[in-house]
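Starting off, we have a lone chain in the form predicted alone, written out as structure tokens.
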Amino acid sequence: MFSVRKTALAAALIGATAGAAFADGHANPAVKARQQVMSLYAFHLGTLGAMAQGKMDYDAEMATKAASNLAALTSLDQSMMWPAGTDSGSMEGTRAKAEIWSNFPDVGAKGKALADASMAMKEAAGGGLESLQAAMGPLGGACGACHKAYREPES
């Protein structure tokens, strides 16, 4: 009985906040959470990419940290960050296409490809610049595959 009350309370709170506008302009905290995860992806990918392109010196320890953090991020269960009705056609402040919610098997496959590429980068990053560079292509490709299919272009 106690857990039923907790569940009902949680559902009421989620329902009450789902349509509310937050001070930062997000209509749904799930959108903010997923965008923050994407920002963390970009931060770590930026570090790895800068090393791979010679824009910063290769540092095995830093590369390993960035790759390990990226692998940890891709292993998160992000399902709560993607509720229906949080696409770019339904609300402002997101570039997520509605096709995400009608094609979950493909989205899941692309997410798995990203997680696999992140794990490969985790193994490669500390093994030298050439190793990092070899892992960068598949990692960037995995990110791009999902973005091309399921993210609106910047306006």
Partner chain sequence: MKWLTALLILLFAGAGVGWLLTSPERVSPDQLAGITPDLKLGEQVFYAGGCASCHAAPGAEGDDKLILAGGHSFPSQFGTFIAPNISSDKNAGIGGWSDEDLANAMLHGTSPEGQHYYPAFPYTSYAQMNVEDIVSLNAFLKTLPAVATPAPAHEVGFPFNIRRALGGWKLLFARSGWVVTGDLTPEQERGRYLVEGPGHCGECHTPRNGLGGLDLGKWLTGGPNPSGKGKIPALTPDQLDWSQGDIAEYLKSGFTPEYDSAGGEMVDVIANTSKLSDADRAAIAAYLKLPQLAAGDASD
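Positions refer to the first chain, counted from 1. Bear in mind that the values here come from a model prediction, so they are computed numbers and not experimental data.
Note that the form predicted in complex with its partner chain isn't included here; everything after this is about it.
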Looking at S88, S68, Q35, N103, which is the one with a non-hydrogen atom within 4.5 Å of its partner chain in the predicted complex? S88
Note: exactly one of G46, P29, G126, G93 sits with a heavy atom within 4.5 Å of its partner chain in the predicted complex, namely G46
How about A60 - does it come within 4.5 Å of its partner chain in the predicted complex, if we only consider non-hydrogen atoms? no
Does the 4.5 Å heavy atom contact test between A50 and its partner chain in the predicted complex come out positive? yes
Indicate whether A42 is a 4.5 Å heavy atom neighbour of its partner chain in the predicted complex. yes
Candidate spot M136, G140 and G144, all three touching its partner chain in the predicted complex (heavy atom, 4.5 Å): yes
Out of 124 to 155, which residues reach within 4.5 Å of its partner chain in the predicted complex, heavy atoms considered? M136, G140, C143, G144, H147, K148, R151, E152, P153, E154, S155
